[in-house]
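Just the one chain here, laid out as structure tokens, in the form predicted on its own.
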């Protein structure tokens, strides 16, 4: 449903079916809706068979990378080592707030998904890592875990299966970088949340140097529906035009749009119809100027580029951007794109862990130059310098935070260069230092 708006008839609510339903938050309410029956069946099933159903469904990671979930689970073998499952609820990307609603309204859906995923990867312990600012979701998930232990759903003999399944909730300290999988593991271990160099990959040496699988909140929540209804059912929810993007996807929509909220639609949904029919289009009297379709770290699209695009991994890539986390940010024609892009760069400069010099220096310099242009003190040379800095930031650091800053800057300059140039005074050829007056020197 387009929570907090009434469900639109063209939505396909699977994960979001019980958003706004307070009874579904409780164990009794979740069980009344069939909750934990899939877990009971999964615990009686060989982990390889669980992996295969998810693999056949085509479910891909909903955190942004889009890696096939069943394939990721199949990396984990019964090798006698201690395995861990970590679930990424550190949702900090500007424009993305879908996992928050899953945890707020259906915490048992997440706990059940976590227990199923842990069983599928031969793990006895799962950690749910939640963004520190998400105080209500943390409370809801902790209460759900507590209820599940009290009912014997979790613990040493989960649902009488003879198998141990423990789920722990970890509150993050509010650092965006801890949403990166290896930084998240460092944070869980009590270390500074810096990303690790890969390889080794988490499936080989992850949390506490043991084989580890990391999944997103939405991903494990979807997995239980795949097991309940089957791989073919899940694939039937999406457009057959692109068999690589299956099932449904939750999209967070914000910015200059009539009905912001969370919408769940089948993969392959037409973007134009999504923005206009479901989300109500731009505010009255305005036109869309730009759309960021997958969280703030992906290329910006123009309305013309959205015209024939479909909302799945390949469809948005063909339009010139990425599906990412599914955070859709809308800008109407009243917005100053230089100011908006400078705000994004400021966010990434603030959140850089400063481990890589290209990111530490690049995000800071990008922000300073953008803010100089925004304030009418830029030069035409600054535009070339921004592109040169972006080139040195992309693909050259341990994680992709540096790329995330550079991407909207490059696409913004490409598509809205006239707005940048309009802020640059004519005949300005040298770099002005804020606060420095040549006359006073």
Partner chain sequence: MSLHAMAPDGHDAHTAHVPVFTGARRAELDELLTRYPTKMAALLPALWMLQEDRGWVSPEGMAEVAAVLDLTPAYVKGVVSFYTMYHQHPVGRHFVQVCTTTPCNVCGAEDVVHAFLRETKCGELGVTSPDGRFTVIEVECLGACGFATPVMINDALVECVSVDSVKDLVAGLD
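Residue numbers count along the first chain shown, from 1. Since the structure is predicted, the reported quantities are computational estimates derived from the model, not experimental observations.
From this point on, the text means the form predicted in complex with the partner chain, which you will not see here.
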| Every residue in 177, 339 and 343 with a non-hydrogen atom within 4.5 Å of the partner chain in the predicted bound form? | yes
Assert contact_stretch over 362-370, 310-318, 190-198, 268-276 against the partner chain in the predicted bound form, heavy atom within 4.5 Å, equals 190-198
In the predicted bound form, is there a heavy atom of the partner chain that lies within 4.5 Å of any heavy atom of residue 147, even though the partner is absent here?
no
**Message:** Is residue 353 near the partner chain? Define near as a heavy atom within 4.5 Å, in the predicted bound form.
**Reply:** yes
Query raised in the report: How about residue 168: is it within 4.5 Å of the partner chain in the predicted bound form, going by heavy atoms?
Result: yes
query: At the 4.5 Å heavy atom threshold, is residue 161 in contact with the partner chain in the predicted bound form?
result: no
The one option of 73, 331, 234, 251 with any heavy atom within 4.5 Å of the partner chain in the predicted bound form is 331
Checking 140, 83, 289, 131 against the partner chain in the predicted bound form, the residue with a non-hydrogen atom inside 4.5 angstroms turns out to be 131
Looking in the predicted bound form, the residues of 247-285 with a heavy atom no more than 4.5 Å from the partner chain, listed in order, are 253, 254, 255, 256, 260
